[in-house]
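Next up: a single chain in structure tokens, the form predicted alone.
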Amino acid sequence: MPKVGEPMTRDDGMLQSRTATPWWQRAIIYQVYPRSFQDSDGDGLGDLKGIATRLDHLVGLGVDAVWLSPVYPSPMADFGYDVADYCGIDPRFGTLADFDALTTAIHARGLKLILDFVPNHSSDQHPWFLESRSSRTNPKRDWYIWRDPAPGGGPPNNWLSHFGGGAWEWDAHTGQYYLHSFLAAQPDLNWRNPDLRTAMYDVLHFWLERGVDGFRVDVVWLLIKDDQFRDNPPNPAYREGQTSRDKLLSIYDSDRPETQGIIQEMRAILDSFAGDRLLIGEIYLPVDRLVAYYGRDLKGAQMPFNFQLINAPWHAAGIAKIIDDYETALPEGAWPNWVLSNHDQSRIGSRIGQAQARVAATLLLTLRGTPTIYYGEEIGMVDVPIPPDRVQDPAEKNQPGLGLGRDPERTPMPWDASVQGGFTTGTPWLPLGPDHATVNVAAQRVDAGSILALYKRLIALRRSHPALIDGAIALVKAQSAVLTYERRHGSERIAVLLNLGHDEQRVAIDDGSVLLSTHLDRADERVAGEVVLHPDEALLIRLSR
């Protein structure tokens, strides 16, 4: 243990000796939403200095990399995803010096730093857009996507915004429309323009030279649009109650083939730096299209984010199929990854309940590939109801009543049972959960039965068993409510049994001994031919042969 006042550092042990594989294939990634992690100055917003004070929690948890959601200067129309300066830090979060200090502190603890990169759109307050908007002849006019009105007047085509309504905004000053895939305050950049592309690649160089270990690239599948600007066709499967965007099939404003070349260029930049820099792509597409983003000869994103578990019905047969289909679709040599929740999606505990959240943690940390943990999942945070007068998210404000708001999954991290949960001395930007007196880090740190203790045990097991890091996955099966599979490495075989139901289940299994149970003290229990799974229980069993 470190002395008082010294930072904790991760003991890599066996992992450091496994240098044949890049760090990100051995890693567990932890997503920090900066506004909600830790406030250092009492203004109710999390910041970089606050994050630095909580790094020892991440070391104690056992994760390997910190992914920061955007901290760039921004008007905050979409909470940082409207970037006004790609090479700066918003004063709400601190300064570039604070960022450098945080990077140093992260690396000093043996962790890696992944930064969000938002290349599809900027803020309408970005100097580039202010120039582009100033006149049709401005040199940066073509850095954004401008079009004349349709022949009969009105928007150039029928493309729709992800945040509701049309995707075109009229600019009276220059007499053209500009494209915005999200808010009108987030104009889309024109990645067909070589000067824009060079400028954005300079951004990657800027942060890589400051020590960033990788990027999560926001909405990467949207970067290129159809060069003919054709209308999207109607969606024949649309039904009442879906979003307005669901009315159309997004054929011409997303997942265009030219996108692959951009991703390969980004990857080449990262590969030119030492240290196995990582490129992650945010891609909400069916699995057959998702895997295309690994790129030809695996020279695209090393990890196109796999979000299938987020939207999957929680039953054994469906999840078994997801695993099999994904593993089958992966290009040869491609590395899988898994996600349960993120800043845009309801928390896993709210989707399936707290008892099953423990089973889900076991699933996430025992599947083949790199897992990503969203902040607060390790203490069982759930979505927090947001009163109408406290709603912040434009996705909810623009389409009220559809439940599209992302505030509930972005609420502050509760560190202790105090009034503001140890997050701030001021008024938090969003309310803490009403359960934060018990759902907090301090309380769970001393509770051997807590979900935090379970996460730590799972991560420690993963780190100590090669089968759970880079072993093969085999025998994926659904038996009633139970999902089972094996992880194998050399002579080591570990069976994973997940009871996704609320009734006791009996499962036939080879002889072995229990490594872990999610909620019962069954360590080293011998298993011979059959095992009883209790309701909402997951087991890891080391098989004898």
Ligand code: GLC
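A residue's number is simply how far along the shown sequence it sits, counting from 1. Nothing here was measured: the structure is a model prediction, and the numbers come from that model.
Another form, the form predicted in complex with this ligand, is not on view; read the next lines as being about it.
Three-residue candidate spot F163, Q186 and H343; every residue lies within 4.5 angstroms of this ligand in the predicted bound form by at least one non-hydrogen atom.
With the partner omitted from this view, the residue of W191, Y81, W128, W159 that lies near this ligand in the predicted bound form is Y81 [heavy atom within 4.5 Å]. With the partner omitted here, the residue from D90, D124, E396, D218 that has a non-hydrogen atom within 4.5 angstroms of this ligand in the predicted bound form is D218. Only one of 266-274, 225-233, 73-81, 321-329 places residue heavy atoms within 4.5 angstroms of this ligand in the predicted bound form, namely 73-81. Within 4.5 Å of some heavy atom of this ligand in the predicted bound form lies at least one heavy atom of R406.
Mapping the unseen interface onto this chain, H436 falls outside it, with no heavy atom inside 4.5 Å of this ligand in the predicted bound form. Interface membership of E282, defined by any non-hydrogen atom within 4.5 Å of this ligand in the predicted bound form, is confirmed. In the predicted bound form, at least one heavy atom of F182 sits within 4.5 Å of this ligand.
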